[in-house]
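Single chain ahead, by itself, as structure tokens, in the form predicted alone.
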Amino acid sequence: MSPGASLAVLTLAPLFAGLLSLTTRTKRAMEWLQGALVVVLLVAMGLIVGHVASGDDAVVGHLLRADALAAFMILMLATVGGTGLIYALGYMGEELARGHLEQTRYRFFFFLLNLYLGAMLLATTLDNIALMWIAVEGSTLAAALLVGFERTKAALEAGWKYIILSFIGIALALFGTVLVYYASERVLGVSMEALSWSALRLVAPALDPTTLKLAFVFVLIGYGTKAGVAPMHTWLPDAHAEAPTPMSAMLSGLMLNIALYAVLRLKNIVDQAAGADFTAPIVIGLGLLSIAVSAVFMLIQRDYKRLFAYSSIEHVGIALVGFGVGGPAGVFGGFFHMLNHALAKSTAFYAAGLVLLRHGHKVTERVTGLLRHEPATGGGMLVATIALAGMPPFGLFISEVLIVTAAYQQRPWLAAVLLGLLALAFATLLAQVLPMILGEPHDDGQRVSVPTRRFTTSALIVNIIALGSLGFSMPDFLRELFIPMIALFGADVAVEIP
């Protein structure tokens, strides 16, 4: 299959599977359908990543394009999305077997989940700034319905809060997009090319810097709201806590990164037109604020899903600091942090979902002894927590060290502030989660069925293997993607990647 055909299949397969999900009559048929989708996604992703790593973009006409940055996002979306679909088969299958979910809503859940994944893949691969905005809007609609899927009062409130804040954010992002077009049409003329990411990158130095600066502010606030950047983060803890757990994992592991992706695309253009001195202080300031807010609020959480939600805000902030500091170490650290956080946070939510299925509540203090009572769940949560705390041997430790090092080389005071905030977040996360994992279990709870455990444990194991592997070595294809990605942001392409 050609790279272009692989790109078309990758973006269309989830939409097609979503429609087919509505027609499935049995749970087994749904499992085969979603399993087939996972295989298609992984094969298409492998072909695209392999092609782009060899030095060429994958292209479908003037509409779809996968360069190194898009291929990196595709790698993340297909991997975490794939394990998310497998996990969802187990989690939602258990809800169906217990009678908490009707067959019709079981099908509707996978319809929405497939549309959500498809919209994110489309947003990543569209070579058009306006169509990308529409795709992100589509993912917002699907996500809002998934957040309120359980129809409890809290879930519906969280869903409405997500819709209102996301639409305010996305409206601001639209205004920023219009400003980008206003600047580009003066250089490229009134044409579709004026909205093309690849064309914008080529003419970026000739674009009006004042207009682009204003556009960047609107886009950063707009997409930053979707990314959960403080102080626009208030929807995130509610949505992550009330959404069905497979959706919580995809929100933290994927949606936040898609919003960051949109910000980074524009930052690359604004930096060429106006210089990085404009974007860097804003990005670093919001990054530090996000880490500070999350570190404090993690300390007072009594709901373990909300706790992991605040942890996501922290890690978005760390990645932002890396991109704001810049340079090979900062940019590489930012991207490597996004990838490892997607794997670690989805692992944490997979484990949290198993706790919820077994104990039926989300109260942190009432969960103890997971490692002794439920070794797979406790082990998964322990690995994810160690990784999220930034401890070795995981990739998040490497990325945090690189970002702190890059910050120290430019502004020693910034490295000191960052280290202080990271230490606070480290302590609050471990203080909350370790009592859940260690000690004596208080409550047997309700055991999940063997088929459920088969799906959920498979997703956990795949994520843990990927997370552990990235801490020890860098695959060649990933190294080949990182080099042009770092070069996009003006850093030295001769950087050595271990």
Partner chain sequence: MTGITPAMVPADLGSQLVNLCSMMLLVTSFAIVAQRRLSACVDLFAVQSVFLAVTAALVAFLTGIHHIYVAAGLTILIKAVIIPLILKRVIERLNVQREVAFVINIPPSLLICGALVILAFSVTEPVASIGFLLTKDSLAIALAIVLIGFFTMIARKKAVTQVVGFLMVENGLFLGAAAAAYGMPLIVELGVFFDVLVAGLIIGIYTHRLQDAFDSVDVSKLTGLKE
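Positions refer to the first chain, counted from 1. Keep in mind that what you see is a predicted model, and the values were worked out from it rather than measured.
The same protein has a further form, the form predicted in complex with the partner chain, not shown here; the description that follows concerns it.
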{"item": "In the model of the complex, the residue from Phe218, Phe278, Tyr106, Phe426 that sits within 4.5 Å of the partner chain by heavy atoms", "value": "Phe218"}
{"item": "Residue (of Glu400, Glu374, Glu94, Glu242) lying close to the partner chain in the model of the complex, criterion heavy atoms within 4.5 Å", "value": "Glu242"}
{"item": "Non-hydrogen atom within 4.5 angstroms of the partner chain in the model of the complex for each of Ser2, Leu75 and Glu102", "value": "no"}
{"item": "Answer range among 184-192, 77-85, 247-255, 374-382 for contact with the partner chain, defined in the model of the complex as heavy atoms within 4.5 Å", "value": "184-192"}
{"item": "Partner proximity in the model of the complex: Lys161 to the partner chain, non-hydrogen atom cutoff 4.5 Å", "value": "yes"}
{"item": "The partner chain contact in the model of the complex: Glu365, any heavy atom under 4.5 Å", "value": "no"}
{"item": "The partner chain contact at Leu202 in the model of the complex, heavy atom, 4.5 Å", "value": "no"}
{"item": "Residue contact check: Asp208 to the partner chain in the model of the complex, 4.5 Å heavy atom", "value": "yes"}
{"item": "Those residues of 139-161 which, in the model of the complex, come within 4.5 Å of the partner chain by heavy atom", "value": "Leu141, Ala144, Leu145, Val147, Gly148, Arg151, Lys153, Ala154, Leu156, Glu157, Ala158, Gly159, Trp160, Lys161"}
